[in-house]
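For reference, the chain that follows is the form predicted alone, supplied as structure tokens.
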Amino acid sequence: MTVLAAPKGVAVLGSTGSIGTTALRVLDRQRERFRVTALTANSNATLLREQARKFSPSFVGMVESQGDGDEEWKSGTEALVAAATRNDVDIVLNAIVGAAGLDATLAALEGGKRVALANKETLVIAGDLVRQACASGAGEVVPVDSEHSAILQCITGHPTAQVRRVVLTASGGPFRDWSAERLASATVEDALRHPTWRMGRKITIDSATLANKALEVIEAHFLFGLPYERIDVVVHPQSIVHSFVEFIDGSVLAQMSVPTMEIPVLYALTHPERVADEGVPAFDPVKISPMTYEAVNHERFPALRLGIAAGKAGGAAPAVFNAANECAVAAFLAGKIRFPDISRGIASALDKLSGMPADTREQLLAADATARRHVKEMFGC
């Protein structure tokens, strides 16, 4: 008879968002292996309370609001760090959107914990600091993004020297077939109508501009230690193949599954092991056929090119790219700018601010704040 070890404690940061609620569905099915010991959210206090009642964590943190009851309630971003560094937490699933997730990731890694990272902005803004935190605290980063999970699954057991290149797949978003003229009049509702994934509003807009893919290229660079010249992107509208890995002998491995985030969430919790999970539908190769691939149109979707250039430039440029994109997306969602203005704001911020100092956390956060101010002033919002 197999005897399971005591369940590992999991902190879910951003528990009321798309990835957070997905993670809790997975954790609910895996209660023999995992116990939810901490939850935090920055919105939807009602849902957070429901989650707390269901999972009975020892810590509950609301970033913006206050609560009552027997749980320990914290306000402000300190709740994220408090949850991530608790003694009863073994794994921190960071599903916070944007730069706000950085400090919790660094604190968890310095505390020797596994960080199941869905907050790609952490690596984009401060990839070198994350590496240092892993080294000093013996923590580890395991990606939750489906593309990076796919790469990890393909290269586990193979040294990086055997990898010729990796190919991230992109759905192409809702505007894959739109002309530049039509994109100029795209509405928020148009941009949120993603063809294959159901995600939060910010990441859905990032998918529409392909800024999300630029963030993922930078993330792949830091996760797998690959130069940018060995990281490619291809459009795959069906979202079945999540990434390819091409090895030096010409062999190519791909990870495929139905488009659900439950698989990469579970693998981030159990890596390098695999465990049974009945919540995901069986893979039917006939039903999902055919699968097609297309080149990226960089002229219509310049955010990808801008982000990759920022990654190659290094220094403050990735932080500036991320902050300018976050601010421009918020302005678009608020109806203050047009869809093409998102990339225009990013380009302007990179042109003006990429040379800012970027050696410390404080300098990177200063570049982040300056880029946000630049975009707000540029569009008068």
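In this text the structure is predicted, and so the values were computed from the model without any measurement. Throughout, we count residues from 1 along the sequence that is shown.
Although not depicted, the form predicted in complex with a small molecule is the subject of the following passage.
- The listed set G200, G111, P259, P174 contains one residue whose heavy atoms approach the small molecule in the model of the complex to within 4.5 Å, identified as G200.
- Interface residue among V329, A41, V36, A319, judged by heavy atoms within 4.5 Å of the small molecule in the model of the complex: A41.
- Looking at the small molecule in the model of the complex, residues L306, L350 and V375 place no heavy atom within 4.5 Å of it.
- None of 247-255, 113-121, 220-228, 268-276 except one has non-hydrogen atoms within 4.5 angstroms of the small molecule in the model of the complex; the exception is 113-121.
- Contact annotation for G17: at least one heavy atom lies within 4.5 Å of the small molecule in the model of the complex.
- Contact check for I125: every heavy atom lies farther than 4.5 Å from the small molecule in the model of the complex.
- The shortest heavy atom separation between A133 and the small molecule in the model of the complex exceeds 4.5 Å.
- In the model of the complex, the small molecule stays beyond 4.5 Å of every heavy atom belonging to V142.
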